[in-house]
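Taking the form predicted on its own, here's one chain by itself in structure tokens.
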């Protein structure tokens, strides 16, 4: 259904030697399109598989593939940590060299991955962006269009921020633990938190990067809690950092006086939401994010449709919604 059609079908009246020349050119290209069984090959390139969110994403993709093995072949790769941009670039270079029909990527950096994605597109590979949105201005400068399939992170963060604000009063001190500074999804989550903080008249006393990491976030929150004894809440741009905030506030003996907000709805944080250690988190349906990207890649390969962004669901998760 999704197999590539031979280019020779377009030229039925060409002399034999011209058709042979075309075959030679095609065979000598840098990418061999289509697998031996005729099914398109999809490569899923993720960030750190040490992060529970991306493990969930991988499980969702593999589950979808298990149910649709007749439609496509799947290759899944990830990097050591979420800041290892160079390794992610190397992974894509390898995938280009080995040959694939589509790449579905959750980029570690919103700009640094664009050149290698452009290289993949030049090799005839469909590229779909999930999770962390590639920088639109840079894409325009490069003269390419890569569709983003994923949630509105700003909207999701504001949902959580508004829920928190209803528990506080104007002037209360709050802090934000950001993701990696050059990651679009982290920037948007920070903006969504700021939208809610400003609307409620809360006092943002500190905003620091936890680099998406539990240990780094714990270090930041420990310092903030010491500097601001009146701190009422910490809004974390992902759940791994929310876990770090929980650890830091537990050590400081302030678990019951400071609210914690997360983002991602990983299983470890769900448990903390249920028992009141985390106020809320945001579900961007990580188990389905890669699936959305894979299905869109297959659709483009099949229909040759022009790519366009697709917004996916995002939902607030609280103790009440988990009952």
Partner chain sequence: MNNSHRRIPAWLTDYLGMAGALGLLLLIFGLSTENFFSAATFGTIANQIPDTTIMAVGMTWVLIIAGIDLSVGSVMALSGAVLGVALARFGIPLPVAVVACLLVGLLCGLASGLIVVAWSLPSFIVTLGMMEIARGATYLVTQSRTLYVSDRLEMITDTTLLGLSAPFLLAVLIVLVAQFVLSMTVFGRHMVAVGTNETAARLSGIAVRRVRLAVFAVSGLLCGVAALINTARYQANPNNGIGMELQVIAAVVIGGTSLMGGRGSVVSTFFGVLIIKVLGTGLAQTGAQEPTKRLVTGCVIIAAVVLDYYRRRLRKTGTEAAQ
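Just so you know, these numbers come straight off a predicted model, no measurement behind them. Positions refer to the first chain, counted from 1. Definition used throughout: the rigid core is the maximal C-alpha set that superposes within 1.5 Å between two forms.
Just so you know, the form predicted in complex with its partner chain exists too; it's not on screen, but the next bit is about it.
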Can you tell me whether residue 220 touches its partner chain? I mean in the model of the complex, with a 4.5 angstroms heavy atom cut-off. yes
State yes or no: in the model of the complex, is some non-hydrogen atom of residue 75 no more than 4.5 angstroms from a non-hydrogen atom of its partner chain? no
State yes or no: in the model of the complex, is some non-hydrogen atom of residue 178 no more than 4.5 angstroms from a non-hydrogen atom of its partner chain? yes
Looking in the model of the complex, any heavy atom of residue 201 within 4.5 Å of its partner chain? no
Among 125 to 133, 204 to 212, 148 to 156, 91 to 99, mark the stretch whose residues have heavy atoms within 4.5 Å of its partner chain in the model of the complex. 204 to 212
On the criterion of a non-hydrogen atom at 4.5 angstroms or closer, are 226, 250 and 271 all touching its partner chain in the model of the complex? yes
Which pick from 59, 70, 256, 37 sits with a heavy atom within 4.5 Å of its partner chain in the model of the complex? 59
Identify which of 187, 160, 243, 116 has a heavy atom within 4.5 Å of its partner chain in the model of the complex; exactly one of them does. 243
Using a 4.5 Å cut-off on heavy atoms, which residues of 183 to 200 contact its partner chain in the model of the complex? none
After core superposition, I'd like to know whether residue 225 moves between this form and the one not shown (criterion: C-alpha shift of 2 angstroms or more). yes
Post core alignment: residue 101 C-alpha displaced by 2 Å or more between this form and the one not shown: no
Does the C-alpha of residue 216 move 2 Å or more between this form and the one not shown once the rigid core is lined up? yes
